[in-house]
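Just the one chain here, the form predicted alone, laid out as structure tokens.
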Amino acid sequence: MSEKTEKRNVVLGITGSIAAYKAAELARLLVTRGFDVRCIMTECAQQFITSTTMQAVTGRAVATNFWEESEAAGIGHIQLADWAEALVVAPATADSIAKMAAGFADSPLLAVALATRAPIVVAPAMNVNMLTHPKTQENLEILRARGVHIVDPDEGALACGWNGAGRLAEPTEIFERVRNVLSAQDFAGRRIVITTGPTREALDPVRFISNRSSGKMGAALAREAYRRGAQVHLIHGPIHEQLPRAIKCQEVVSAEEMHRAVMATVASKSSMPDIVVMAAAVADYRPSEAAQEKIKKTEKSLNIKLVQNPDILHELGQLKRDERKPLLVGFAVETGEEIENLLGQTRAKLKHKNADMIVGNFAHDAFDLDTNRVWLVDRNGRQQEVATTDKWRVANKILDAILTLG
């Protein structure tokens, strides 16, 4: 999905669950990313959230029944079913799931679900006992067998007072699943390991050496690779990013921990990933020894001996000298504003690390920002500049370039 095809037509169906309020956040996420969203609300859904709210969020009239005289009703459920590129039912109650499984069409939402040929995404929300009831599970299996995409609910405290499975999945989780469903799966069958975030090198139990990396670039790469069908393993330092549940996330702290985690993924040919993207800002040095107790402020100066950390990308490059797998992508960050200096460092790193591609960027363009500006330099001598844009768009340009390398 390129930036031009992100704008898709989504029908959002809302049924009568207390979780209906989360539908407004889901709609906001979709609209913010450029999707055209039309809402259909059941009669019970309107007891929890108003059609006025959903109209304000989407900028579109909301369909609520077959007989209303409005713009939303005027389009007709068949036209709405044809217009949709995806139908998302969130939240989906046990009743609505049962009716979808049985083929009911006694509401505009159910009629659209029956008539559309677009992919359907269903996010259940209900009491844990209703969810685990054999009939509900049977109905969910019927929908899965028809190709409906089910976003499994979360566990936690429920509005009914029970605690367990049944909470509507977070809007971000549903949002990423919708994007996945609507995307070409050009990374399907590929395993990709991505590192991101900073590392922290301990000085003592309360202090550490680190850097300003937020991990947003690597997280964007993980999300977009998942969207495009890859099996993603994200190895990350301390970051604050919410990621789809389908992404395997492994948290580390120090450079040595990241080194062990990455090397374990390529330890044998059977577990070797197809692609490794080293987007993490791994500390080059660490204290030779970490104090076991807090270092007291007793002197005006403090000398700390630093030793070099493992060079993960270089070590991976040495392992693949005789074969092309895994495909290696690294990052090069520089300060200043001299593009030729950055490109020179990027080309040198490409050769020295035996990588397949290096992504060069300036610290002031990347750290702590939702945007980035990068230069892609690959083993075939190709060079591409990606002008400043959202990191998710940059991530797709990087993934596009990876595809050209095999």
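Throughout, we count residues from 1 along the sequence that is shown. Note that the structure is a prediction, hence the values are computed from the model and not measured.
From this point on, the text means the form predicted together with cytidine-5'-triphosphate, which you will not see here.
- Residue Gly330 is the only one of Gly218, Gly330, Pro108, Pro198 with a heavy atom lying within 4.5 Å of cytidine-5'-triphosphate in the predicted bound form.
- Only one of the listed residues (Leu203, Val122, Leu143, Ala283) places a non-hydrogen atom within 4.5 angstroms of cytidine-5'-triphosphate in the predicted bound form, and that residue is Ala283.
- Figure note: of the listed segments 275-283, 232-240, 288-296, 180-188, the one touching cytidine-5'-triphosphate in the predicted bound form, with heavy atoms no more than 4.5 Å away, is 275-283.
- The three residues Asp311, Lys349 and Lys353 all sit with a heavy atom within 4.5 Å of cytidine-5'-triphosphate in the predicted bound form.
- Residue contact check for Glu173: none of its heavy atoms lie within 4.5 Å of cytidine-5'-triphosphate in the predicted bound form.
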